[in-house]
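Okay, here we've got a single chain as structure tokens, the form predicted on its own, with questions on binding and movement later.
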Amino acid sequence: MDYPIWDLAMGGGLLMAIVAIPHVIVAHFAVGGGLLIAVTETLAVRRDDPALRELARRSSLVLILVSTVFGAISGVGIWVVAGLISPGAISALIHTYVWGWALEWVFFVLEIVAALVYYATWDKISKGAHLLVGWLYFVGAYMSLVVINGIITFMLTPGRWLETHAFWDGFFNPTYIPSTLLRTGIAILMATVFMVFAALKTPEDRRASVLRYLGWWLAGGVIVSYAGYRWWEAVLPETVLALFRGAAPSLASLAATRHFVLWALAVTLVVGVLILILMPKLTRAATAVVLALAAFAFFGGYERLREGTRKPFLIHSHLFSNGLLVSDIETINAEGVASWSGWVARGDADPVSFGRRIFKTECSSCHTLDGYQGIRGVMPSFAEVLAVAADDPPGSGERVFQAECAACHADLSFAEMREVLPSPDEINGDPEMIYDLNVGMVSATIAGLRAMGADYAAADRDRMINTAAMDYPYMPPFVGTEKEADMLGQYLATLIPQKGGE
């Protein structure tokens, strides 16, 4: 928590998604494209099929332009953005997996060199040698996926690493094999939807057969992806599943994302079978775009789900999203966050200014002021409290309660909340009282988050922590002294809307 703070108005998480999702789509195309192009050229040589060989040639150009150019640049972008918004996590991953990253770079260099040689040597070397280069490219690309997947899955399910801190215990974690299967299917999907555009230039007498060939690859990719996803979900710990599964998931947005992921995959299969296998004459640039968007939606949705299921951690049960280590909670609570972070200690001693620096240090990794997950928008307002208390027309108050209050007041029902609130006439007669009540609710929430830190500190650090048992299962605890908690509350109080929007 003592790294410099990048104060980004739009929110670091949103920027990371904007950079990362296009990159992983292209990166998986690079992997799957290596397989499909190598297989396609191999079949073309064996069958003496010029149409398939031309598909491989055109697709290799797309691979060079999209993968090695955009993919490489956006990959650097991920490191830059991640290093700025989550320096603690990047430091932990580098220190834990430095040799893993080194190995991945070896495979990445092989991938890039083979891709350039492969495209540059069409009809310039023997077909056998050219095929060898193509298969070397696929090996390099797929092994890059194999290595990176071990590090990515470790962040969600570190497994025995929490106890041993051993490289291989973290790498071969509980979700590693299911996720590898899932990403293999996704790679095939991404390659197929990209290669459909190259297939549209096939001569008309062979276009239908080439599209059907890609259609079967797409169907296989969907099946492998679905099997991998179901397996991945099946091995997730209950504490993680509670975030997005069950009758009352902790994060309704993640539950909606899960449904979106499965429906997007179903749409991909239906559209792909329809336009590629059953009626290839329907395949045009527009329908190919629809197919690609459905596949991208599935993959992007899954990445959103996978990232969300780590809440409130970057490395589950070890490092929180704000850079706080579970092992440091007791020390910071005793000594104060100001003694731990120079970025809090430096500056004006005014309580509101001090609280603002605490907010930036402990909260800004997830919350902006007014942008993505804006904290000002979740502050209880006069109008919301009045709407809940009045419930006029009947049912409107409960809707406001569910939308604006339930996330922080899971221990109260709508009826119980109305019982503790003043009457509408009392609220209108004394708006200042409601402001004080809202300040009290904010302070109580901070106190609850601080108390939650004791539960984390007391948890068994050799096992994944059951966050479902926490009062706020998707938020890091507040760490610091009671005085610092009070200063954070004073700062947040300045964000609470008053009557008339004052």
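Start at 1 with the first residue shown and count on from there. Keep in mind the model is a prediction, meaning the values are calculated, not measured.
Absent from the display: the form predicted together with a small molecule. The rest refers to it.
Picking from 70-78, 256-264, 371-379, 189-197 the stretch near the small molecule in the predicted complex, with a 4.5 Å limit on heavy atoms, gives 371-379.
The candidate site formed by E404, T445 and L488 is fully in contact with the small molecule in the predicted complex, as each residue has a non-hydrogen atom within 4.5 angstroms of it. Mapping the unseen interface onto this chain, H316 falls outside it, with no heavy atom inside 4.5 Å of the small molecule in the predicted complex. Proximity of M143 to the small molecule in the predicted complex falls outside the 4.5 Å heavy atom cutoff. Within this chain, S179 is remote from the site of the small molecule in the predicted complex, having no heavy atom within 4.5 Å. The small molecule in the predicted complex comes within 4.5 Å of a heavy atom belonging to P312. When the small molecule is considered in the predicted complex, only one residue from I148, A345, C366, L131 comes within 4.5 Å through any heavy atom, namely C366. This chain is drawn without the small molecule; in the predicted complex, the residue among S341, T157, N322, T283 with a heavy atom within 4.5 Å of it is N322.
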